[in-house]
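Shown here is one chain on its own, the form predicted alone, set out as structure tokens.
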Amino acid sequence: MTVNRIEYKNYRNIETLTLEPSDGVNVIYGENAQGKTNLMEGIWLFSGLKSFRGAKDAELVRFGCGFGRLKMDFSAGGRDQKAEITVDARRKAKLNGVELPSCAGLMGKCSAVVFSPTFLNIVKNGPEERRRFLDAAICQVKPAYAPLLASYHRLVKQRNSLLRDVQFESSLLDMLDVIDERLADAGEALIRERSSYIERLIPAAKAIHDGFSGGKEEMTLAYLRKNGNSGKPLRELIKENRRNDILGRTTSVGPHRDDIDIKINGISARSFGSQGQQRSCAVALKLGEAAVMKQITGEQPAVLLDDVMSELDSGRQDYILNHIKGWQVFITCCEPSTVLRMCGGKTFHIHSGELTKAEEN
């Protein structure tokens, strides 16, 4: 997807604003709380997903206004298209003049990948953050993955409920056998999808990270199965751990316990990486996600990098600004000096929800 034009009306702190970006790198700069992230969020909403800031729909509407509206002209699927989102009590969407049942209908039509500062948690925090990233990335390129994931989590919940009761009522063991079979089938399907995706992500993210570091640092990724790297099928692992699961009253193995191992030069990025190294890993994963999306769908997503420049040295900043070719990229930053290093694209200055300057470089 390439964004050709986007109009904002009564959106967050923006009364009216029109953005006509370059098809290359676009830098939106200005002081904090002026509307930089609001512009990025507006583009992201056309992916069909919720705000990456966790905002409720009502919070998207400018204070004192009854509704907010976004209109986007974009190119995707080999043709020019139009999309519109209206926000009042909830979000409603149109695509090429046709009203959609929900904004989810935009998924796969307007593709985007977003990095925000909270995404650093994928490196800094525990396995849940990395599983969430992996599952969300797969959902964008394989819609059938979402119901499979939901079904698996329902089965884990049902099994955990049985585990709490079975020690007091042995007749529930037969039901546990049935749930275990279903859980194993759904879990193995998830593991296959995740492993296949990781195989694509590894070279894509590594190539980006190599560019960041000039080949001086090596980033490696590996999908780690909880108690499962021995190669045993999940069905066998569930059976082996049943007694302990009954005692612990929880399901101890399966994809809901798995992780992604992220290392720099063979050392854990989470435990020993600097702030800059952790940020480099996180950005490489996001740009790798964009590359994989292009491989699978044939459509290059718009890349939204919110506050990505802080804690990156000048060489890594230069790579993002000038060496990502053939992608439409949106970058927000506070420092106008960042703009001076750009060798192309467009720059936009925003103040109090208004664009005060737009320049081609």
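Heads up: residue numbers just count along the shown sequence, starting at 1. The model shown is predicted, which means the values in this text are computed figures rather than measured ones.
This next part talks about the form predicted together with a small molecule, which is not shown.
From the list 323-331, 30-38, 292-300, 66-74, the contact stretch for the small molecule in the model of the complex under a 4.5 Å heavy atom rule is 30-38. The small molecule in the model of the complex comes within 4.5 Å of a heavy atom belonging to residue 53.
When the small molecule is considered in the model of the complex, residue 49 lies well away from it, no heavy atom lying within 4.5 Å.
The small molecule is not drawn, but in the model of the complex it has no heavy atom within 4.5 Å of residue 312.
Although the partner is absent from this view, residue 307 contacts the small molecule in the model of the complex, with a non-hydrogen atom inside 4.5 angstroms.
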